[in-house]
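Have a look below at one chain only, the form predicted alone, in C-alpha cells format.
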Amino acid sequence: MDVNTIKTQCCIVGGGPAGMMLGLLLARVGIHITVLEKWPDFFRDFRGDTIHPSTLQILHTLELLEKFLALPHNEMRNISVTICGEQIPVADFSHLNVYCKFIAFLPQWDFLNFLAEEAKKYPTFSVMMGAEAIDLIRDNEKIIGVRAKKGDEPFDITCDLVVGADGRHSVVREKLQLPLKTLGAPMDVLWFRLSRYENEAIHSLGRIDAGKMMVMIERGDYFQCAFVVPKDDFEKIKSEGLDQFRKKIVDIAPMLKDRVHALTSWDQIKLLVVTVDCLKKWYQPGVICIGDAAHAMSPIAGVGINLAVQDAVAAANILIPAFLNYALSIDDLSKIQKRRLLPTYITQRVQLFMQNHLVSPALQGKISVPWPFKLLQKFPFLRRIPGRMIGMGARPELPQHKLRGNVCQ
C-alpha cells in the first residue's frame, strides 16, 4: 500500500506547551514546522493551569502578552499554604524584575489554543490534530522522520529534525529506548471539580493536615481540586466508598461541605499517576526530547508547564541559526541538553525535598510545619527566594531571534 509522505524541516511530536511554543518560535523565522497532536482538540481537563511570570515574560518579549491577558484568567501575586489550620506565606513575586509579577491561572487548553492560533499566522507552520506518531523512521543510525496515522490512514513525515514533546508517556522516548533515571514520588493526585460561588475566594493555594493534602484552583464558576493520596492507593480509596472520600474532602476543606454531594461517581475523579524522572541522554542523531518527554516533573508548585516552555525557548535559540545556516548537527542537540539539564536538576531536587519533608510525612499523618516554612513565616524577605524559584525557575529563557517569517493575511 502506498503511504503518503509529507516533507518538512522539523516535525514536533506533541502539541503541549513545549511543542506549541517551539513550533511558534521556529515558524516566526520561516522554518517549516509540522506539529503532530494525537487528540482532535486541546480540551484535556485536569492539566496544569499555572502560567508563571517566566512564561508571561516570554509572551511579553514576543509582543503577545496584552492579547494573552485579555483571555479570562485569575492572578496570584503571592502563595500561601495552610498547614494544620495555620496559614503560612510561602512565595512573594512582587520583587521579580519582570513585566508580570504574578501567576496567571487559566485552563491549559486556552493557552495551547492561543499559541496555535498565533503560530497559524505563519505560512510555514502546520498542526495536524488527531494525528498520532506510532514509530520513527531511520536511515542507519539517524532518525529522518516519523511514521504516523490519522484515523485509519497511515502517513510518513520526513524531516531534518524530530522533536519529542509528547509528554511523560512519550512515543518518541519509547522508540528511542533512551536510558531513564527514575527519581520516584510518594504520591498520586486525584483531580475533580466542585462548584464555586460568585466572588468566593481562597486564601491558600494548598491545604495540608495529618494524612490529607489538597490544592484548589479557582476556575470561574468552579474549583479545580487536586487531592493528594499515597502512591498507588486509588483502588484502596475506591474500595472505601465515595462517602468516605467526600468526608476526607470536607475534613481538609470544610468550606466545601455544601457541595461535595456533587461527586456522585468515580468517573468524575481522574487519577494522575505522579512520576519524577529524567533522561540521561535527551537526543540521538536527528531527534531530541524536551519537556516532560525528557524530564517528567512532580506537580509541586505547578512548574512543569513553565519548565517545558523554557526548554522550547532554549531549543529554538540554538536550533534557529542551525536551520537558517543549513548546518544542523548533533552538537546543536547536545547544546540544548547542556543548557537545560542544570535547571531541570535543580527544580527536581527542590521537588524531591518537598516530597520527602512535607508531602510524605503529611500523608503518613506525621505533619508538622517544616523548618523552612517557619523561617518564611518569620522573615518575610526570605519569601523572595521561593518567589524567584517558582516564578522564574533556575535558568529563565527568552527568545533571541526576531520575526522573519511572513504573516498569513
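Everything quoted here is computed from the prediction, not taken from an experiment. So that there is no doubt, residue numbering starts at 1 and follows the sequence shown.
Same protein, other form: the form predicted in complex with a small molecule, not shown, and the subject of what follows.
None of I208, L333, A314, A308 but one reaches within 4.5 angstroms of the small molecule in the predicted complex through a heavy atom, and that residue is A308. Using a 4.5 Å cut-off to the small molecule in the predicted complex, not one of L56, L96 and G393 places a heavy atom inside that distance. In the predicted complex, the small molecule stays beyond 4.5 Å of every heavy atom belonging to D277.
For H32, no non-hydrogen atom is located within 4.5 Å of the small molecule in the predicted complex, even though that partner is not displayed.
Using a 4.5 angstroms threshold between heavy atoms, V163 stays clear of the small molecule in the predicted complex. When the small molecule is considered in the predicted complex, E132 lines it closely, a heavy atom lying within 4.5 Å.
Only one segment in the set 137-145, 119-127, 259-267, 163-171 has residues whose heavy atoms sit within 4.5 Å of the small molecule in the predicted complex; it is 163-171.
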